[in-house]
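Read the single chain below, which is given as structure tokens and is the form predicted alone.
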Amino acid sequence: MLLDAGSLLVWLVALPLVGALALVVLTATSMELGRRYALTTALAAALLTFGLSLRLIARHADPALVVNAPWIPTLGVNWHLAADGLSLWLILLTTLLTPLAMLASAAIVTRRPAYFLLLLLFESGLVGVFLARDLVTFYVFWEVVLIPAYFLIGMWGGENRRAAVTKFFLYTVAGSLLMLAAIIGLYVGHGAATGRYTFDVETLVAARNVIPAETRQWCFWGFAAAFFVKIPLFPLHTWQADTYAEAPTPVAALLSGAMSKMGTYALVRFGVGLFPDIAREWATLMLTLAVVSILHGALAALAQTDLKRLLAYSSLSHLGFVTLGVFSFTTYGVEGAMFHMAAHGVTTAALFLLVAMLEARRKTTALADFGGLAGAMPRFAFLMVVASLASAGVPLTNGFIGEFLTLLGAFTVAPGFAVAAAGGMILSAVYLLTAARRTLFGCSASLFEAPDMDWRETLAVAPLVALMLVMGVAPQLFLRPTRPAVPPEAVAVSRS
């Protein structure tokens, strides 16, 4: 079916919802049919969405790739969607990870239709966040993501899921409410200054200086609080390890691989785009928090005895590099930040999916319960080693490119911060390779007979491992579409 540019964006949001509706109809017809075909139905919708999203690669620079229709015209709210190089890879990352997480969720047996329905709602909300260009539309999608995430963790999580999901919910809602207050502040401030009340991002960016400086100051912090919680950034990270550890492991792959990118993407699109002068004013503080996140996450990961908690703290550390690159306000730094968002999503999702396979075999993710798997599970061992090397930032992998560019950008303006952050790369190699060695080459006779990955499990991880190598060897394929879309306000220092 031929789609015009606007319809393409609408269908990217709508197709997962159509799949969710099909699950509802199927289950209403017969509970047995719903249970039996839940994965097939959801996977079909997710794969169709991924196939559709691939069309963005050739069309992301098309000025016609926009939808802008009145939604609540009396308040100046529009249904405004658009895609560009800034959102391209994050949309593709989301639509790729969702079907892979579904493949890794085949072992879910309780309330299967509800589980896969919530995954589809989660995907629709995420894609909407990366497409929205109206602040109310953006906020609605931002909150939509929270609802399925809450139930996925609360209903299918581990023993301590209630405490973890409550903390996750409270942190996220608190940040969201601060962002809502900031959105209203921008709306009122812009309307009072210009006579036009609007939530349109492009309009607000073009006239941002007409809003009083004091209003812009607290609006910046309202947005920043929401974004820093979602990334997360120290010290707003304390919900993360518990949430990732208690979430179903395929869901944790989506939380770390895709949901955390809501915060980093919005930081560039809205935080810096709307408030560049204030962001630069607080750059030193932000660089400090970024470095603390990198080192704290790495040191905490070293102390972990559970694979999921280790990956949670590793995510905290790696996403600190994104913040470091953004607040360097250099071309290299911002390009590295955008690249590292996608790179981290690929590597951390692959590692969480690999851990899910171990959990399915052993019913635990404790490091002490694994060892010696390389002999019995050679395919698993190969994929885990490559993913660990990529996450550790070894050259010719995607992890190296993103971290190298962010460090290069940071060194241009703040050498001390860059040197301190480089320590996080060293520590990441230590904890990731130590975990891989203990899991694959340690001694644990009880696991020597563990079956290797089947075709479904291999299919869930192999594409991500291939992407790690492609992104590492040919980074220009991913950097080139991003460059024209980087807001000029985000770059104060260009390449020499």
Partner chain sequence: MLTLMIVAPLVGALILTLAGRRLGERLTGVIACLSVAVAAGCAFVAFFSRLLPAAPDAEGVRRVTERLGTWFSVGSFSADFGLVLDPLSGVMALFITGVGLLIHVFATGYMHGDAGYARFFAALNLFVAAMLTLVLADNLLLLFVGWEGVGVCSYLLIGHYFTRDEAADAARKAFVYNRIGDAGLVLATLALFTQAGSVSFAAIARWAAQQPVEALGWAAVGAGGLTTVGLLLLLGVAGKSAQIPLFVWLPDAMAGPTPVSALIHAATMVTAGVYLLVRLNVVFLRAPTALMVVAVVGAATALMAATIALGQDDIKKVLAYSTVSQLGLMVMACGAGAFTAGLFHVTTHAFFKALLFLGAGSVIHALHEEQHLRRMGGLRQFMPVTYWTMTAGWLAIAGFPLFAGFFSKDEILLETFTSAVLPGGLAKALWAVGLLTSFLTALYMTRLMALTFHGEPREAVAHVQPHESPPVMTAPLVALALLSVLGGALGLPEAFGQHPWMREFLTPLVAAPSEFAREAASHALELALMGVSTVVALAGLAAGWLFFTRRPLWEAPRVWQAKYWVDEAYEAAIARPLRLLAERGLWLGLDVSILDGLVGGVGRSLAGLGATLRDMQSGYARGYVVMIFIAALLILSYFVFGQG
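Positions refer to the first chain, counted from 1. The structure presented is a predicted model; accordingly, all values stated were derived computationally and were not measured.
Although it is not shown, the form predicted together with its partner chain is what the next lines describe.
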message: What I'd like checked is whether Leu8, Val18 and Leu383 together line its partner chain in the predicted complex, meaning each has a non-hydrogen atom within 4.5 Å of it.
response: no
- request: Go through 82 to 90, 161 to 169, 99 to 107, 277 to 285 and give me the stretch that gets within 4.5 Å of its partner chain in the predicted complex, heavy atoms only.
  value: 161 to 169
query: Can Thr331 be called a contact residue for its partner chain in the predicted complex at 4.5 Å between heavy atoms?
result: yes
query: At the 4.5 Å heavy atom threshold, is Glu202 in contact with its partner chain in the predicted complex?
result: no
field: is_contact(Arg437, its partner chain) in the predicted complex, heavy atom dist at most 4.5 Å
entry: yes
query: Should Phe370 be classed as touching its partner chain in the predicted complex when contacts are defined as heavy atoms within 4.5 Å?
result: no
- prompt: Exactly one of Leu146, Ala114, Leu178, Leu289 has a non-hydrogen atom within 4.5 Å of its partner chain in the predicted complex; which residue is it?
  reply: Leu178
- line: its partner chain in the predicted complex has a heavy atom of only one listed residue within 4.5 Å, and of Tyr265, Phe138, Tyr313, Phe223 that residue is Tyr313
- request: Give, in sequence order, every residue of 392 to 420 that has a heavy atom within 4.5 Å of its partner chain in the predicted complex, or say none if there are no such residues.
  value: Ala392, Gly393, Val394, Pro395, Leu396, Phe400, Ile401, Phe404, Leu405, Leu407, Leu408, Phe411, Thr412, Ala418, Val419
